[in-house]
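As C-alpha cells, the next two blocks hold two forms of the same chain, structure 1 and structure 2.
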Structure 1
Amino acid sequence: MKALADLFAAFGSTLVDILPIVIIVFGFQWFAFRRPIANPRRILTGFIYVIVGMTLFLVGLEEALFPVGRLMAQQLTAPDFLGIGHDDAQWSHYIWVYLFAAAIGFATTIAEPALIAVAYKANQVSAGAVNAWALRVAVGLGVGAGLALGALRIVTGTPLHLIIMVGYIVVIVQTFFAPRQIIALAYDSGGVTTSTVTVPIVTALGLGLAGTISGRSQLLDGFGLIAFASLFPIITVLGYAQFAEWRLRKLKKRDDAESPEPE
C-alpha cells in the first residue's frame, strides 16, 4: 500500500514538474506560430516516456537508495561512530565523512539524468569529439571533490564565500587556457549536477554534520554543499579538456618525430 502511495506521489510531483513546460510550449506553439506541433504522436509519446520514466526513477530511489543513504549520512556523522565527544572534535576525526562525501558525490552524479541528457547532446553536437562517458566522469570527480571539501568546510567552519571566491578565480584563470570549444559546456555542467539524485543525500549529510558539531548551526552551516557541487565540476571539466588537448599535442609531437623527415 505504501509503495502504491509513493508511486502516486512521485507521479504527481513529476506532473507538477512537467505541466508548466507543457503549457508554455503548447501555448507558444499556438499563439506564436498559429499551427499545431509537428509529429504530435511522437512528441506526446516522448512526454509520456519522460513522465513515466521520472516516476519510476523517483519511486525506485525512494525505495532503494534514499533511506539507506540518509541513514548512512546520519550514522557516519554521529559522534558515537567516530568515537569522539561533541567538544573535542577535530577535522581529522571526520576522514570517513570526507571519503563518503566524495564517493557518494561521484556515484550519484554518474546516475543523474540531467547530466546524462547534456552529455548525450554534447556528444552529438561535437560529432563525437566530446566523449559522453568521460564528460560524466569528469563532472562526477568535480562533484566528489566539491562535496569532500564542503564537508571539510562545515567541520572547520571556514566562511563559505572565501572558498567560493578562490574557486571563481581558478575557473576564470582556467578559462584563458582551456580550449574554446569546451568552455560553455563546462560552465553548464556546474548547473546540471545537482538535481534528482544528489540533492536529498547531500542535504542529509550537510544537516547531519552541522548538527553534530558544537558551534555549528544546522541552518547556517548545513548549506553550501550544493554550491560546492555546482562549482567544482566546472574546474574538473575545464581541466579534463586541458589535459586532453595537452595529450593530443604530445602524441602529435611524437608522431612528427617518428615519421621520417621529407627530404
Structure 2
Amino acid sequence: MKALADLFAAFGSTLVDILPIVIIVFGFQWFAFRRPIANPRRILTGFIYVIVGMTLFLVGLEEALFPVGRLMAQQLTAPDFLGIGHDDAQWSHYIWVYLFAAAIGFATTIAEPALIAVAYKANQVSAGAVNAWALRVAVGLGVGAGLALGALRIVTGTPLHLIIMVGYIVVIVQTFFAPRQIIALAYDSGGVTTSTVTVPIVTALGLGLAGTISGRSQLLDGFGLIAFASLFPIITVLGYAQFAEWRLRKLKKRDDAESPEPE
C-alpha cells in the first residue's frame, strides 16, 4: 500500500509540474497564433507518456538510484574495505572511490539522453564533421575526470570555489585557442550532462560520500559534484577539438612535404 501511495503522490507531483508547460504551449497556440493545434490526439498521448514516464522515473530514483549511491559510498569508504582504522584514513586510501566516481560518471554520461540528442544534432548540422560518438566519449571522459576530482575534493575538504575558479581559467584560455566552430558546442556539452541519468546518481554519491567521511557536512561538502560534471566536459571537448586541429595540420604538412614539386 505504501508503494502504491508513493506512486500516486509522484504522479500528482509530476502532473502539477507538467501543467504549466501544457498551459503555455496551448495558450500560445490559441491566443497568440490563433490556430488549432495539429494532431491534438497525438500530442495529448505524448503528454500522457511524459507524465507516466516521469512518475515512474521519480519513483525509481527514490527507491533504487539514491539508495544505491549511498550504499556504494558507504561500502567504498568503510574502514574494513580500506583496511585501515577509523582515524588513519588519508586521501590516498580512497583510490577506489575516485575510480568508481570516474567510471560511474563516464557510464552515466554515455547513456544520457540529452547528450545523445545533442551529439546527433551536432553530427547532422555539421554534415558529419562532428562525430557523434567521439563527442559523447569526450564529454564522458570530462565528466569522469570531473567526478574523480570532485570526490577527491570531498575527501580532502578542499574549498569548492578554488577548484572551480582554476577550472574556468583553463576554459577561458582554451577558448582563445580552440576552433571557433566547436566553442559553442563545447559549452553546451557541459550543460547537457546535468540531466535525468547523471544528476541523481552523482548527487547520491556526493551526499553518501560526505555522510560517511568524518568531519564532512552533507550540505557543505556533499553538493558540488554537479559543478564538476558541468565544467570538465567543456575542457575535454575543447581539448579534443584542439587535438584534432593539431593532428590535421600535422598531416597536411606531411602530405605537402611528401608531394612532388612541380617542374
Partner chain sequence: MSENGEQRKTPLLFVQGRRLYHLVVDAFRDLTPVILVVAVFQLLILKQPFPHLEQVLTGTVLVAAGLFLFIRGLEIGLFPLGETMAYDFARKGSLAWLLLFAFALGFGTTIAEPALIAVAGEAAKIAADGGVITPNTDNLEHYALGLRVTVALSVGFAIVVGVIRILKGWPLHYLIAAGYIGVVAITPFAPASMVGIAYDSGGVTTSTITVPLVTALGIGLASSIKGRNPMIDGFGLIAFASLTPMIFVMVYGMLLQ
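Numbers follow structure 1, counted from its first residue as 1. Take the two forms, find the largest set of C-alpha atoms that superpose within 1.5 Å, and that set is the rigid core. All values reported here derive from a predicted model rather than from experimental measurement.
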Would you check which of the pair is the form predicted in complex with the partner chain? 1
Any chance the CA of I51 moves 2 angstroms or more between the two structures, core superposed? yes
Core superposed first: is there a CA shift of 2 Å or greater at E245 between the two structures? no
C-alpha of L231 moved at least 2 Å between the two structures on rigid core: no
Superposing on the core, what C-alpha displacement does E63 show between the two structures, in angstrom? 9.0
After superposing on the rigid core, what is the C-alpha displacement of D17 between the two structures, in Å? 6.4
